[in-house]
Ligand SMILES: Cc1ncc(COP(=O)(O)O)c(C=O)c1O
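The chain below stands alone, shown as structure tokens; this is the form predicted on its own.
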């Protein structure tokens, strides 16, 4: 398979000396992102204060993310992490009798379960949809989401094994039951197309350090405008106010749209990085990236099995994102060994995750799987 994005590889210095296949944990940093961060630092060094310029960069990042997911800029808020977003949303809910059920799945990232379980003391009834053979059958949503469900909280792509869910189909089910749909898109934003309007997503959270090719410190919250206007966040701050520069300590006036969920000063350097990274993703096109990664995912599945590795999760690339998980006892130790051999993969519990992005090649994946098979066979 020819590499359609070979001309972009020079933007990622790490690829000159290492095989970087850990986008599910941290995407490779490009020169454009590095230059954007340097721009932020240099402006501080030379001007001393760059507040206005930095605020503009935050707005650019919001607009870029809105375009990435088919939303409007006023439907986007920025917070420090996806965990912050989940906590902010959870504490904004009222758990009333007859409408107090929270439905999530046992395949979601632990933060999700932790946040929802913490709401039990406030009246939430938390229910976990169980996985079956490393996937969540679509019919389980019909069974577990009931008329008393307030919000259904799910991942688009599973962090552990790459299983991808049909968000549009799930949205139809949960909305018919009278539930809101909250999607964790941390493992999908930047690698698969997302259109929040066509998918009918009520709330979505995504961070910048994985497939969005940024750094930690900034996460994006999407919420439908008509929904946001009804909510009054209990976690707030001056950036969540209608006029944050008014400095009126006696008035609480939530900002319009999703911005009311913002709290304090965001990580400006992360905003610079996010703007540059999203610009690159939009330039290439997520549809194009997704098509290429689907080919890489199928190759990873096929070649991994050919080398005797045990796939964890779906065996078809159509049911997963770019990441493929292989069973590996002592995965953390194996990750370290692979790193010593200049191959960056990501361990979780008893799996090694191979997660390419558009800058990777089939030959890199082949070399990584060869090395992984060798390491596993010598353990």
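In this text, all values refer to a predicted model and were calculated from it rather than measured experimentally. Residue numbers count along the first chain shown, from 1.
Not pictured, yet referred to below: the form predicted in complex with this ligand.
Residue 83 is the only one of 263, 290, 83, 119 with a heavy atom lying within 4.5 Å of this ligand in the predicted bound form. Among the residues 101, 210, 224, 259, the one placing a heavy atom within 4.5 Å of this ligand in the predicted bound form is 210.
Taking non-hydrogen atoms only, residue 141 never approaches this ligand to within 4.5 angstroms in the predicted bound form. Though the partner is left out of this view, residue 109 does reach within 4.5 Å of this ligand in the predicted bound form, counting heavy atoms only. Put simply, residue 159 is close to this ligand in the predicted bound form: some heavy atom of it is within 4.5 Å. Among heavy atoms of residue 187, some come within 4.5 Å of this ligand in the predicted bound form.
With the partner left out here, this ligand still marks one of 248-256, 267-275, 128-136, 74-82 in the predicted bound form; by a 4.5 Å heavy atom cut-off that stretch is 74-82.
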